[in-house]
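There is one chain below, alone, in structure tokens, taken in the form predicted alone.
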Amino acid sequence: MSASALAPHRELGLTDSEYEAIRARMGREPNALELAVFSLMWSEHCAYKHSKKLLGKLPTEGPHLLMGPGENAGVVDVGDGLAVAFKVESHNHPSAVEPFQGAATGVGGILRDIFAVGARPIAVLDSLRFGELDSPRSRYLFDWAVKGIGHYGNSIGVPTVGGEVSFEPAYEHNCLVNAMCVGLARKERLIRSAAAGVGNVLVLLGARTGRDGIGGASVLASAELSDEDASKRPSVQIGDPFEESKLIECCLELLERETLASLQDLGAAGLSSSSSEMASKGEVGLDLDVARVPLREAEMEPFEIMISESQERMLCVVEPERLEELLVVCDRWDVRATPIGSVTDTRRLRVFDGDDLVGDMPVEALVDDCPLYDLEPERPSAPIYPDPPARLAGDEGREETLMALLGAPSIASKRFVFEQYDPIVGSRTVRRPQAADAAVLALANDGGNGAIAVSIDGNGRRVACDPYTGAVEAVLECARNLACVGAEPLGLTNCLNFGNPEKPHIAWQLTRSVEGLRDACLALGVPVVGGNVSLYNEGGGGPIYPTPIVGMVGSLPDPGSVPRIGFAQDGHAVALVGPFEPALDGSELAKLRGRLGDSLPAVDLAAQARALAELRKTVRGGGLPTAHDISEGGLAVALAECCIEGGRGASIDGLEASDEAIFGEGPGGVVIAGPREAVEAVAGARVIGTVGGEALEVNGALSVPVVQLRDAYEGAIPAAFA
């Protein structure tokens, strides 16, 4: 092996050209600590070096926006002096290596992003992707990731109110664990992360620092995983939700007292990223002393302290005359508070070990002058992904097909998941998971009026068929879920999960998906308030499906008028609304028949936007007890879910009896039901049947008792673990 192959910078994930750039910016050779810090700050996870230019295409302005990209979380105004903070982030690679702690600390990290801007976390949602459930590895990852999410959220007392789970062969080697958190704050209590005030004190709050998580941002989040994943277990953080619970209350009290000048989460890259990013945003320098940092393990090296990703830690800036007040509050909450440095005017991050200067780096070089790369997208000339294994022959009857779809793990009830979570702690939850298309959280207890609605969505298989249209559909699906509960979207966050962007076909997927997100957000008038990018999600089994996950927050005036998914009363009319043009390409049925597809029908964004506005108006008017969007499995599955959740059947006779009409997928379609006069008054509604009976009957093409629908739907995932 050549000497250059063993060079320290290569072992840390830096290229030769990047190393030369560091030398040029430093004006000398970096020492070991400085090189470690640069390797993390210039990693994909921290620097977004392959995506930052592309993300600049997304719209980031809106009338309700209070904080946008660049802060710990996006924040929107919901009226009555209240602000909602929200963000989604990934913990994919750690969860593939150690699913329980990887998923648990993913929740812990996203919670800290929310209270870092001064908001109290009030809800968590998750978006999960695994291989097929007949794979022992996928069952293991799924089971323990869900346990990790439940452990952290339940222990800390934040409800998990929604989410989604899909199972596809493309995620066998790289599962996706994306966590979203939503928080509430009084607008005047919001705080930014920019360090301010030369001479102010830098204080480390929370847990002791250990070796867990060392190298996580570069080792796990910026490289493809191999079969030797087990060797990377030391890079997965270890979480303590009870420590974080104290940290939340302590920080919120300090903000209530207006004690802090700035506040920052210690996430990826630990002290390295938190300190340098605070200094960059404040256009200042920082001096910090690693010898003062409370340690969990004896004799840690200075570079280890700087790059440790130990959980439940925050970094804050406080004026010297208010330091004692901070220490008193922290003592009362049993939160460790340690002054470790000060704000300077040097624009440098200087690291001391007692009296010894062990690192001296220009802040601009660490944060603002990272190398950014132009993608080289190239549309692939041949299919990237193999067709999935066929589970249906294609000659099954409609009843058998519907039962197979309801039993497909990606469609089947996720009760196995959400019954492990507490969805109602905090007493804000208006609709439990699976009762409505979006989570609804009342604001009355917080001094506000009305409610907010939250949804998280994505469909990697459809994006694999057509990256642009699939990304457009993800935004529309999220907005449609909000519209089904009467909510107007205020802002969008995203997590872009893709393979290796240095490969032209992955760069093409990423580029086209971002263009789709941009166009859909512009059409709906929804700003992107922030998000996350997770790249290099591939290994020996190839890349994952390109999976942009979209999270959206909206507001609605009256939580009492929110419809449910289930049919509410016999005799109600059932209608189809929206510009719904179903097709089988990219559908769940096509997957079961062993086909992926290579295109999706074009979407009329203007028509979709008009339909969403009309649906919101209708739902807000009240008198519509049932509204449910059509997604995976098409209209037949949506009708079956309405029957299952309502415990009653329906007779549908106003449909074309073709596979495309019954099982095809596409954006725009919504099933509504209610008194006939109310349903017929809805603009564009097409009445297709009536609620009643003990079976779902569609055009004489299928007739299945509701009890059998429920058995297939509720039993599929538990059966995989029997």
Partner chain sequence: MRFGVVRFPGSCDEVDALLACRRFGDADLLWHKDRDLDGVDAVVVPGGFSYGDYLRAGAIARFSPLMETVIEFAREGGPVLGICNGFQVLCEAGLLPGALLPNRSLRFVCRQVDVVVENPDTPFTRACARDQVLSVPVKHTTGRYYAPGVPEEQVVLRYAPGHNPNGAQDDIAGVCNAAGNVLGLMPHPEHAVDPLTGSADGGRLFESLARPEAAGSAGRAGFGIAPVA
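Quantities reported herein were computed from a predicted structural model and do not represent experimental measurements. Positions refer to the first chain, counted from 1.
Not on display, but discussed next: the form predicted together with its partner chain.
Note on contacts: among Thr511, Ser155, Ser342, Thr401, the single residue with a heavy atom within 4.5 Å of its partner chain in the predicted complex is Ser155. This chain is drawn without its partner chain; in the predicted complex, the residue among Glu376, Glu283, Asp331, Glu297 with a heavy atom within 4.5 Å of it is Asp331. Shown alone here, Gly649 lies farther than 4.5 Å from its partner chain in the predicted complex, counting heavy atoms only. Contact between Ser555 and its partner chain in the predicted complex is not found at the 4.5 Å heavy atom cutoff. Its partner chain in the predicted complex comes within 4.5 Å of no heavy atom belonging to Arg347. Its partner chain in the predicted complex comes within 4.5 Å of no heavy atom belonging to Thr338. Figure note: of the listed segments 404 to 412, 301 to 309, 558 to 566, 284 to 292, the one touching its partner chain in the predicted complex, with heavy atoms no more than 4.5 Å away, is 558 to 566. Contact residues in stretch 241 to 280 (any heavy atom within 4.5 Å of its partner chain, taken in the predicted complex) are Pro241, Phe242, Ser245, Lys246, Glu249.
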